[in-house]
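Just one chain is shown here, as structure tokens, and it is the form predicted alone.
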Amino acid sequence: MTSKSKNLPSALNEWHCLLGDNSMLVGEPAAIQYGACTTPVQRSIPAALLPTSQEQVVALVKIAATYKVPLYPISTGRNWGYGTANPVVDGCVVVDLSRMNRIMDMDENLGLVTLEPGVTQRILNDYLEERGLDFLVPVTGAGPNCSLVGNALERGYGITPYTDHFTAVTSLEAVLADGSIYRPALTGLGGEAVDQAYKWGLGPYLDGLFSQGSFGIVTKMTIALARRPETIQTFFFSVVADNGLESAVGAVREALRATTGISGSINLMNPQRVLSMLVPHPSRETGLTGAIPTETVTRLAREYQVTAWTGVGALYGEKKIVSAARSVIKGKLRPYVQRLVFLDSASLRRGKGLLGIIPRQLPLSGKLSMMAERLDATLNIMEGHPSEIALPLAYWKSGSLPRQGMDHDPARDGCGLIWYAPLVPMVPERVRCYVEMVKNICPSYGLDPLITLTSVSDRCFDSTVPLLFSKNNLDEAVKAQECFKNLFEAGQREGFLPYRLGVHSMELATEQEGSYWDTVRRIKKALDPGCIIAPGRYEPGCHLGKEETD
């Protein structure tokens, strides 16, 4: 799918007058800056615009509408595994909102923060720490430099309270395709303060159109933050034998139901996923182009004491409440899991202190120290502190970690990564069906089945499976794309469907018939008849008039 406007030079001239030299990239510099991607897809990007205010966004959208030039907004462009900063179609001008990074307001009483799309996990964390405000940053594994607004709009989730990040969005503003500004009904009636405190507003709920949508450019958002509780305890457990998965799933479901409002998400990870955090990729034994053999996984799992499934979760609240919830968790999980351990930062620090007196020459000292560092990083993100703990996964197969002092940037560093992220009902037999599906499909393409199941409620898991490949090997890249398509289609037959899609795969859903996509098409036509905003993004492929396209 392509979209190329013959009027681009005229639009560029007007944008230059609006923004100046330092807020535009044209031609190759734009392609280099925004075209790098962890997926095999790379779109043609003729230019990029970097506004610093809502007023500039309004003006540049009006120019785009005049000349019928499609725009693709990004918050920070760190959409690893889903397209990074690449548009869905060729020929879109990227609108990079990362310079709009103001925290506009913080209501300490209500825990509401109003911010622009360029505000990252790190920026909010620094803001809270500088002011001594005890709130948790809604962290994700994407890293400290990723946008909070972008993640919320993509319906991202985390493991801390307010797990569903779009649920925590209480209000937003957006610039529509004609340059007008969308504001919710209560704000329009003069009730901005109450609008920010009450998610649903008045009348039809339209804020949701901008979540996984292409109807406007969000320039302002209010998010509810969870207060930092008196106590945060992380718990870990093991499922020693694979045939214990079904019982563990049922126990996790009951534990979540019994501790609603106190427990965050609970993760279940298979051995390959845990080993990817503990050991270098065993490429000498397997080669870079094949999945790790079962016997190698078994040997490494035995060496590092990794079981068939590893679970991790957290409890948040006042000390007495967490203590009671801890007893409930024990009662629900212990009959079905092993090695159930509760930790907090203080106990981990004491443990790390003890490690310091273990002689370095002892065989286990290095492994224990490494595991302690991993636990420390895990507790850190559970406590709402931004972390890069999950980003080395993208480098696991390539082994080319960034130099000391550099942030992780998988696209810049040439990592190959496509995420497959389907929703799986929290029903033991369905979870088993899903796991076997992934275990059968991934190795047939030379890819490791790195499976994580994360609870998004007590009814449903979201699973994340990273498809890792070498960007330098065309055959591997093709196989990774084919594997994703096979997983999507097999999952569709079984009822396991992604909660989000990348720019490389949106047509797998949007090109299918149904009243839903027909309704999306009609709304798009009404709000954006010129298809100016993010053509092809979660919509069935609107296009510019023939007189304006090649």
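Start at 1 and count along the sequence shown; that's the residue number. Bear in mind that the values here come from a model prediction, so they are computed numbers and not experimental data.
Unshown form predicted together with a small molecule; subsequent notes refer to it.
Student: Find out whether any non-hydrogen atom of residue 97 is located within 4.5 angstroms of the small molecule in the model of the complex, and reply yes or no.
Tutor: Because a heavy atom of residue 97 falls inside 4.5 Å of the small molecule in the model of the complex, the answer is yes.
Student: Closest heavy atom of residue 158 to the small molecule in the model of the complex, within 4.5 Å or not?
Tutor: Although the small molecule is absent here, residue 158 would stay clear of it in the model of the complex, with no heavy atoms inside 4.5 Å.
Student: Do residue 469 and the small molecule come within 4.5 Å of each other in the model of the complex, heavy atoms counted?
Tutor: Although the small molecule is absent here, residue 469 would stay clear of it in the model of the complex, with no heavy atoms inside 4.5 Å.
Student: Mark residue 263 yes when one of its heavy atoms lies within 4.5 Å of a heavy atom of the small molecule in the model of the complex, and no otherwise.
Tutor: Contact check for residue 263: no, nothing within 4.5 Å of the small molecule in the model of the complex.
Student: Scan 84, 259, 454, 398 and let me know which has any heavy atom within 4.5 Å of the small molecule in the model of the complex.
Tutor: Exactly one listed residue reaches within 4.5 Å, namely 84.
Student: Counting non-hydrogen atoms within 4.5 angstroms of the small molecule in the model of the complex, say which of 337, 274, 136, 74 makes the cut.
Tutor: Only one option qualifies, and that one is 74.
Student: Report the stretch among 233-241, 180-188, 216-224, 266-274 that approaches the small molecule in the model of the complex to within 4.5 Å, counting heavy atoms only.
Tutor: Contact criterion met by 216-224 only.
Student: Do all of 43, 91 and 531 end up near the small molecule in the model of the complex, with near meaning a heavy atom within 4.5 Å?
Tutor: The answer is no; none of 43, 91 and 531 reaches the small molecule.
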